[in-house]
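One chain comes next, on its own, written out as structure tokens in the form predicted alone.
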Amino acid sequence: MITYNENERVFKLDTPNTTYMIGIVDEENFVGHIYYGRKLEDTDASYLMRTGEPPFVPSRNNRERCSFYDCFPFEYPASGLGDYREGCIGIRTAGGHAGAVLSYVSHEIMAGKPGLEGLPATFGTEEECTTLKLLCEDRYVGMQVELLYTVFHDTDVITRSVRVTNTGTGHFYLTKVYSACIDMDNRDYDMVTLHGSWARERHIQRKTLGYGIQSVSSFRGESSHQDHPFLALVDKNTTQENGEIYAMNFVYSGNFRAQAEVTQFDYVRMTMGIHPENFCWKLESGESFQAPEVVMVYTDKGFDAMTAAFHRLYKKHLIRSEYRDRKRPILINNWEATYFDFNTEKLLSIAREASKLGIEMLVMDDGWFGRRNADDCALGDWKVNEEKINGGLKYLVDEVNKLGMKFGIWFEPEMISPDSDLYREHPDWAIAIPGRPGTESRQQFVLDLSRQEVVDCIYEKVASVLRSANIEYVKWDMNRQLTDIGSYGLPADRQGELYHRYVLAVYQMQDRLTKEFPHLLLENCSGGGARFDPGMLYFSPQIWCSDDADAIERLEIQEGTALLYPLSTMGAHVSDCPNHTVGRVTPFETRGIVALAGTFGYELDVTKIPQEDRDMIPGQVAMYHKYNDLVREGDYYRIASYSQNHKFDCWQVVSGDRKQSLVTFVQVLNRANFKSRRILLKGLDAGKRYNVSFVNDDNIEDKVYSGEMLMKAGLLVPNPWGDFRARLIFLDEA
């Protein structure tokens, strides 16, 4: 619900358990942030803006206007006129000047939620959400800024976005456009972020928030392996079950900055948006710029509640694919099985054996096109290599289909190899700084997708392949970051638009793809997990979580990912051993149990693995089919964290009706001369009784416990013998 108290000039935005307040103050209609926190019944808390204290408002004390700007809790702060904190919007006029401040003009409260032009965003019906449009202006610049807020009625989430319009007669440049800001008092917060690198993405990092600016960011052209577009400020005592959290997640797949600034007055300014590095957008008279969306969550009930809010929103109000609520086919990908060394018969030999074991889809990875026998050529030449795929693609697909299996294929549409027919024909289609040698990565360049002719050409190449055979799955990859930021297709004063135009083009291509092939299962990937973000989830219901599929490494990766994203979105496979990234040897059973917490599939040569492992696959397939509905649809809880205790990991999913639950326990390192571990379960119905079964250990007798007993007193989990061992525990209402 959203209301406006006209007498006090206060907007009140209510979710089921939280309140967000905005106030209009002074004759100049400054827009201030009042409150975000636990739900309030009162409709006015404007005293929290401290406008009754020095330096007061400008109409009362104009001689200290600069001081007012520097301490007022702006709802959407600009910069250059006296607010020395990080601003959300920066402009440069045609005369070269910077500086702006926004004043309220009007507002509209509406049922439902409008879409964002060219951008992914959450959605909801008129019954599911309410939206506030808050129109502000700087009349000296000739600029209007529309602040958009949406409240969802079924979860404690508020989304925000910003649209900037040039209402003047000349042009100006946007040098910064963030999407959200919260100004509030500092209460000795910790800062929680997700950090990593290739093969170890999204590890949870928690540190004390100190004075000054602390941020995470990417200006690599992607949301990145290294930092994630997520930021949370949490109370020192916040745990999984208790404590305050203010969280932001960016619905965007390119450059970002997420930042918290503790100021001289012990205020905190929390901001998120497009990274201003090398960003400059020219707005002609009448033109608008739409900034991406930020998802905000507040809770005083700890990380479990924050995670539940994000999961609920993304499952119901972001993912659009018809696979959102469907079991995904169990696939086998040939990458770690063959790399580039394959042909039709080799792929069919894998498919024949896989089909006997219950695997449902064969995915042909890199190496099927052009002269692509290594990773140094042919990107952009999306034409089947019939010397390798002898008989042609349709023959291969048809033969796989005859086995009762689906067929999928890998593309890297955004890239171009210097050694490719496409580059020799169109060298200017690569992103490059004219006159400077290009910076290669993986011996490839990035296509300039700011040019529509490039987008159209590449899309048609990809679509032509998909039209030629019964291809039901696409893995869309992106294996390098952007450098040499220059476009032969943009004028000099628009070169700063390249990063954002690139992301918009990726969205355009995937939107076209999913509309032309509405039944296609699309899985995004970027060197593994470099573009695992809400923007990609809008187009694909799952994203490859990391190129490191080692079950033990995946514990931290999947824990950090599941902090925000539903388990159904995490691409997870049983991979070869010794693991191709870290060389670790992990039991096949454990690899299957850890992969069950994601989309589930295989990344190995099923014709070469030990017979003992091969014999386990039908059981793992049956396990997936039995439990996937629960994993995909259930509520997720974190029980224990290997990243914190360095001994074992444990998580749980519970069905919406509280009748079933699945607990995954992974013993990373065994302990000598210790008793069983006691774990306290969550999310059960205290009044129900549950039959508790250790799925993969017939030596442990099934027993019946009350939900109250399991949550308050706990469940004893006997220590498995050995390291890297996992137990799967199923609870069913007795």
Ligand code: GLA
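Heads up: residue numbers just count along the shown sequence, starting at 1. Given the structure is predicted, the values throughout are model-derived calculations rather than measurements.
What follows is about the form predicted together with alpha-D-galactopyranose (GLA), which we do not show.
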query	finding
Contact test, all of W410, G527 and D547, partner alpha-D-galactopyranose (GLA) in the model of the complex, heavy atom 4.5 Å	yes
In the model of the complex, segment of 477 to 485, 148 to 156, 134 to 142, 175 to 183 with a heavy atom within 4.5 Å of alpha-D-galactopyranose (GLA)	477 to 485
R442, heavy atom within 4.5 angstroms of alpha-D-galactopyranose (GLA) in the model of the complex	yes
Proximity of Y624 to alpha-D-galactopyranose (GLA) in the model of the complex, heavy atoms at 4.5 Å	no
Partner proximity in the model of the complex: W335 to alpha-D-galactopyranose (GLA), non-hydrogen atom cutoff 4.5 Å	yes
Heavy atom of E589 within 4.5 Å of alpha-D-galactopyranose (GLA) in the model of the complex	no
Contact residue in the model of the complex, chosen from E559, D366, D227, E497 - any heavy atom within 4.5 Å of alpha-D-galactopyranose (GLA)	D366
Sequence-ordered list of residues in 125 to 140 near alpha-D-galactopyranose (GLA) in the model of the complex, where near means a heavy atom within 4.5 Å	none
